[in-house]
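We begin with a single chain expressed as structure tokens, specifically the form predicted on its own.
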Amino acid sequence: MKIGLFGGTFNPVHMGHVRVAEEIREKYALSKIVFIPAFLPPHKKAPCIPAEHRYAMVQLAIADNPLFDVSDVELARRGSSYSIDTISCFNDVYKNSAELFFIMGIDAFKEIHTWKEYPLFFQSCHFIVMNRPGHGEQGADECIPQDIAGDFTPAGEEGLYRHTSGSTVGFCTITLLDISSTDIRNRIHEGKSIKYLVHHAVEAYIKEQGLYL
């Protein structure tokens, strides 16, 4: 199996999240994608609603796609949600029965040198790095921290780099839906419509729970 791990605050989850997940799943022939809401994201300054609400909204947003799943591993662990701990947890679960692909955006990847124990990431799983259309094809030379750049070599396929451990980092351009969680929160606070920006079930949940007012 090839399993994608898609972490984030999902505050709230929106149609842009599920669309890029579907594109990545198809492009890399992943068996499934697991959405992983963070309990306490260490790199996010914007306040988040309780993780249980964000988890519930992801459940609603992906309920009609059997190739999508959601994990509460970071909620159960509590405390700061460090990706290296999450990757280790999934490696323990699947052991050698699946290849893991950690999915993240190019902006987050450029800051990966600030993440806990980041050099260990590349020994633990594959990476899929999403780039925005119109931002150029950025690869290892520009994005991988200089102190470990020597551990990577081009893998033959465009945008793919191989680590000395055998894992890969793939850079790909995805269709960007210009939707942001920040804009959705602002719209709710201002009493504006969020229809078609989020799944209709997520929209209903937000209204029922009185979130982001």
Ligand code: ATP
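Just count from 1 along the sequence shown to find any residue number. Nothing here was measured: the structure is a model prediction, and the numbers come from that model.
Below: the form predicted together with this ligand, not depicted.
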| item | value |
| --- | --- |
| Touches this ligand in the predicted bound form: residue 65 (any heavy atom, 4.5 Å) | no |
| Touches this ligand in the predicted bound form: residue 87 (any heavy atom, 4.5 Å) | no |
| 4.5 Å heavy atom contact, residue 17 and this ligand in the predicted bound form | yes |
| is_contact(residue 146, this ligand) in the predicted bound form, heavy atom dist at most 4.5 Å | no |
| Contact stretch among 104-112, 72-80, 89-97, 119-127 - heavy atom within 4.5 Å of this ligand in the predicted bound form | 104-112 |
| Any residue of 52-72 that, in the predicted bound form, places a heavy atom within 4.5 Å of this ligand | none |
